[in-house]
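A single chain, nothing else alongside it, follows as structure tokens in the form predicted on its own.
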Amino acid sequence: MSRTEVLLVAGTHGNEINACWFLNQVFKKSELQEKYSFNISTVIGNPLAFEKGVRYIDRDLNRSFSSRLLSQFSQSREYEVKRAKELIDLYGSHSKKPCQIVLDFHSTTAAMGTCIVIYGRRSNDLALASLIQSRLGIPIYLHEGDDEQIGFLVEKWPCGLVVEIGPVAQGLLDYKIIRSTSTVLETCLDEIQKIKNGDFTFPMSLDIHKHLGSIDFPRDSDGNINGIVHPQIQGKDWIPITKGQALFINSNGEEKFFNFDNMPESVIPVFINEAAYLEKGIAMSFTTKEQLLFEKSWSEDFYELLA
């Protein structure tokens, strides 16, 4: 039997329910799993939050996988820290059912369409992301260099991708989101199977949107939001903006413009006005587009992972 195990995670945030519905109502009842020579496990990441219809119970599960938090799990009273340790004990590298690849399915209220998020530049992640992009043409958001955003689930597995699909309201089932979830999942599993069959071709390059930083909403001296996302960029994720362009507008119609000294002349905004990021003080994030030439080590490492 193949030692390759793929873990599919839905409901890492309990109010992102489309992937949960798909895995429980479609994937588990379909013949899809019989197509593949490797084993596939499915799990609801945050079952208690999913049951209650909330994003999390005590803290964001997808920020609970840092080494610091996991080292203190036995003393922690936070449900998500204990759940993070439980997931690693169930499916991590040293568990009874170790998984080499994890796909973490999310939805977003922002107009992100379908995209892949990777954290850092691990060879396995870049290799798998390149295969998916070459098939579907979807953007890859490379998140790195942000010390305030750490502890992501996929970082604890040898290969891990986050799938983000939107826009959709929290707690709302949407056919288009479910269909896109199905498309990305089957594409990813097909590409893994091709690697195992030795019948694969990697693209020559990978287009990524590199994370530059995030900005908060304008706030008054008491910390209250006094400017909202400008209508000219609301829903315009992935569309470049330039310095001097209005980002926010207040109740008097006064505009706040993009003029950040530490940013390039033109940036590409993502996760614009994501509802869940309000508590994190993030109105939007900025990226810049880069092309990475495919490196031989990416395919070699990924092939070895699946051998």
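Counting begins at 1, following the sequence as shown. Every value quoted in this text rests on a predicted model; they were computed, and no experiment measured them.
Absent from the display: the form predicted in complex with another copy of the chain. The rest refers to it.
Asks: Among 39-47, 62-70, 25-33, 237-245, mark the stretch whose residues have heavy atoms within 4.5 Å of another copy of the chain in the predicted complex.
Replies: Among the candidates, contact is made by 25-33.
Asks: Could you tell me which one of 226, 76, 205, 149 places a heavy atom within 4.5 Å of another copy of the chain in the predicted complex?
Replies: Result of the distance check: 226.
Asks: Can you check whether residue 120 is within 4.5 Å of another copy of the chain in the predicted complex, heavy atom basis?
Replies: No, residue 120 is distant from the partner.
Asks: Does another copy of the chain come within 4.5 Å of any heavy atom of residue 144 in the predicted complex?
Replies: Contact check for residue 144: no, nothing within 4.5 Å of another copy of the chain in the predicted complex.
Asks: Report yes if any heavy atom of residue 100 sits within 4.5 Å of a heavy atom of another copy of the chain in the predicted complex; otherwise report no.
Replies: Outside the cut-off, so no.
Asks: Look up in the predicted complex whether residue 251 has a non-hydrogen atom within 4.5 angstroms of another copy of the chain, and give yes or no.
Replies: Yes.
Asks: Go through 273-304 residue by residue and record those having a heavy atom within 4.5 Å of another copy of the chain in the predicted complex; state none if no residue qualifies.
Replies: Counting only heavy atoms within 4.5 Å of another copy of the chain in the predicted complex, the contacting residues of 273-304 are 273, 275, 278.
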